[in-house]
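Shown below, as structure tokens, is a lone chain in the form predicted on its own; questions about how it binds or moves come after it.
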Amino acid sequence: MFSTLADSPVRPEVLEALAGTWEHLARPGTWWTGAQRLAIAKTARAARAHRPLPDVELPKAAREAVAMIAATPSRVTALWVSGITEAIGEAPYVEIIGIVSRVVAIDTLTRLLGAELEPLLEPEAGQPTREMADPRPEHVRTFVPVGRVFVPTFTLSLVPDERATNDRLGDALYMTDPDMENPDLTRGTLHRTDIELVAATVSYENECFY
């Protein structure tokens, strides 16, 4: 259960997706262990709140990447990404993008609902899978290589588990791929036009350049 929103008016499927995302965060990922993934989350929270970064066991370049993506993503450039990926690798960087984006999204939702931030879980033991997709030979409107999938979450497609996790959360918070084909979709009290207005406004305010 996602405890801090248990008594909120949030739809059950959204609460289920939030809980699943939080559990996934504590597990070993593709390149980072469960403990490292939680360290990434803690660093993202501190950077987003403009607090001193916690003393966690992450490479210096990884900590820099987390802080930049969490607090000032509009400052990310191809040159900066090149320096980070040279230090930690492209797939580890992509996994950081996935973790940070989900933590920021969920924390923002929680704050907007007037609730306390959800406590992080204890890390699960185990080793990262190191399972990544075969990259396209060319970059496609991204600063990192991508897999063969060419849909809106393709930036994470080099690390399939991160892309799948983001898609599951997006399905609950926004809409599924089949829903995209329905111009009269209604979720809760929102019509498709309301959903798209909110999405466009949030993207604009966050300087989303997709």
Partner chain sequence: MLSWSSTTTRRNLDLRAVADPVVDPGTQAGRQLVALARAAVGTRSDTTALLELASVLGLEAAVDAAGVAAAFEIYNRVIDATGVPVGKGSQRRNAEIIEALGLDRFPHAGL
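Throughout, rigid core stands for the largest set of C-alpha atoms superposing within 1.5 Å between the two forms. Residue numbers count along the first chain shown, from 1. Note that this is a predicted model, so its numbers are computed, not measured.
One more form of this protein should be noted, the form predicted in complex with the partner chain, which is absent from this view; the next part is about it.
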| item | value |
| --- | --- |
| Per-stretch contact check against the partner chain in the predicted bound form, the hit in 35 to 43, 56 to 64, 173 to 181, 22 to 30 (non-hydrogen atom, 4.5 angstroms) | 173 to 181 |
| One residue of 120, 105, 133, 87 in contact with the partner chain, assessed in the predicted bound form (non-hydrogen atom, 4.5 angstroms) | 105 |
| The partner chain contact at residue 74 in the predicted bound form, heavy atom, 4.5 Å | yes |
| In the predicted bound form, residue 126 touching the partner chain (heavy atom, 4.5 Å) | no |
| Interface membership of residue 15, the partner chain in the predicted bound form, 4.5 Å heavy atom rule | no |
| Non-hydrogen atom contact residue 114 with the partner chain in the predicted bound form at 4.5 angstroms | yes |
| Sequence-ordered residues of 6 to 26 touching the partner chain in the predicted bound form, heavy atom within 4.5 Å | 8, 9, 10, 11 |
| Core-superposed C-alpha of residue 55 shifting 2 Å or more between this form and the one not shown | no |
| Core-superposed C-alpha of residue 194 shifting 2 Å or more between this form and the one not shown | yes |
| Yes/no, residue 185 Cα shift of 2 Å or more between this form and the one not shown with rigid core fixed | yes |
